[in-house]
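Next up: just one chain, as structure tokens, the form predicted on its own.
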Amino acid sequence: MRIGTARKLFIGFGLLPSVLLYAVFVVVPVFWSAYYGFMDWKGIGEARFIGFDNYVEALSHDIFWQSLGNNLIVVAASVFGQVPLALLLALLLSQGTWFQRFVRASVFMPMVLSSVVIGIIWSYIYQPQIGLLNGILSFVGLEEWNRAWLSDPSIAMWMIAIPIIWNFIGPYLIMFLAALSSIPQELNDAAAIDGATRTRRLFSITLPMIWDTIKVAIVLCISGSLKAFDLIYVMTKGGPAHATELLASYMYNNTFNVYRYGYGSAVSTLIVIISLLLIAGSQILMRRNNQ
């Protein structure tokens, strides 16, 4: 009993510095931002209490809802792009395929680059005059498909979704590889002896065994997508005509360009609330589908 108590105390003291840092730099700023969301404040001078006016204004602003719609596109691209691709690549790599090195290099390369660098690279790829994408289309005889990919409001957000998917496949691939390695090989061997096909083993053994990892990956996708900022800001700064505006860039522009710190704080609080609602909804949905 004493050994168990000592072990718990040791673990608690070991985690205490990290918990304190997280509380000071993450938890407290969230509540502090929510507090300033009730204020009319320009960053200097006295803050004036105005109640829910900032929140009401944000929810009645067309650009806010347009930014939320763009964020939902990013969420969909992440959940239905990053997670399935990372899982597929993890399954292929776990089988020892011949193109392992190519897959690992192409997927892990974004992990060693900053999002700013990736944004610059893809900006040149989409560049209408000297960009790689238009160059390839012209080379294969599809010049009529050439266009200014990031200047067309109808497709700009969808084109940005591509580098977003590529940028974050690597971390989820590592998670799935670790989860797959924890599955006892005896289960697959026994199922194979009983005549189960690879597809049957995938849906009856592999996916149920790593289901918790998949749920964690989806939570990370949703939370990361709703706070996406740097790659979008580098590539388009939210343009053209707010076609690629996200909630984070909308908050940034109102806070640091218009100097409406209270309004920006309200928007950031709404981002947290929307993120929690989407995460809770996804977990409820996945729990029901798993029953």
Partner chain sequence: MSTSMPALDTGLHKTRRQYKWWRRSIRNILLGFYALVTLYPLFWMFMSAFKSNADFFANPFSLPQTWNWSNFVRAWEVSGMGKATMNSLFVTFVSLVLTLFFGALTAYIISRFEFRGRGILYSLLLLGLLIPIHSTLVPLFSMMNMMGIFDTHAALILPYTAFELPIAVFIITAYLANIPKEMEEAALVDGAGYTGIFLRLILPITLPALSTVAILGFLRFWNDFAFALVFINDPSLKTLPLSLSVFADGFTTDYSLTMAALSMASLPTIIVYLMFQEQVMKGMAAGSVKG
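Numbering follows the first chain given and starts at 1. Just so you know, these numbers come straight off a predicted model, no measurement behind them.
Another form exists, predicted in complex with the partner chain; not displayed. Remarks below refer to it.
Peer 1: Any chance all of Val28, Leu113 and Val116 sit within 4.5 Å of the partner chain in the predicted complex, going by non-hydrogen atoms?
Peer 2: Yes.
Peer 1: Which listed residue (Ala148, Leu72, Met209, Val103) meets the criterion of a heavy atom within 4.5 Å of the partner chain in the predicted complex?
Peer 2: Only one listed residue qualifies here, and that residue is Val103.
Peer 1: What is the one choice in Gly135, Pro184, Pro153, Pro84 with a heavy atom within 4.5 Å of the partner chain in the predicted complex?
Peer 2: It is Gly135 that has a heavy atom within 4.5 Å of the partner.
Peer 1: Heavy atoms within 4.5 Å of the partner chain in the predicted complex: which stretch in 167 to 175, 153 to 161, 184 to 192, 72 to 80 meets that?
Peer 2: Result of the contact check: 167 to 175.
Peer 1: Do Ser33 and the partner chain share at least one heavy atom pair within 4.5 Å in the predicted complex?
Peer 2: So Ser33 counts as contacting the partner chain.
Peer 1: At the 4.5 Å heavy atom threshold, is Ser265 in contact with the partner chain in the predicted complex?
Peer 2: Yes.
Peer 1: Report yes if any heavy atom of Met109 sits within 4.5 Å of a heavy atom of the partner chain in the predicted complex; otherwise report no.
Peer 2: It does: once the partner chain is placed as it appears in the predicted complex, Met109 has a heavy atom within 4.5 Å of it.
Peer 1: Within a 4.5 Å heavy atom cut-off, is Phe203 in contact with the partner chain in the predicted complex?
Peer 2: Outside the cut-off, so no.
Peer 1: If we check the partner chain in the predicted complex, which of the residues in 15 to 30 reach within 4.5 angstroms of it by a non-hydrogen atom?
Peer 2: Heavy-atom contacts to the partner chain in the predicted complex: Leu15, Pro17, Ser18, Val19, Leu21, Tyr22, Val24, Phe25, Val26, Val28, Pro29, Val30.
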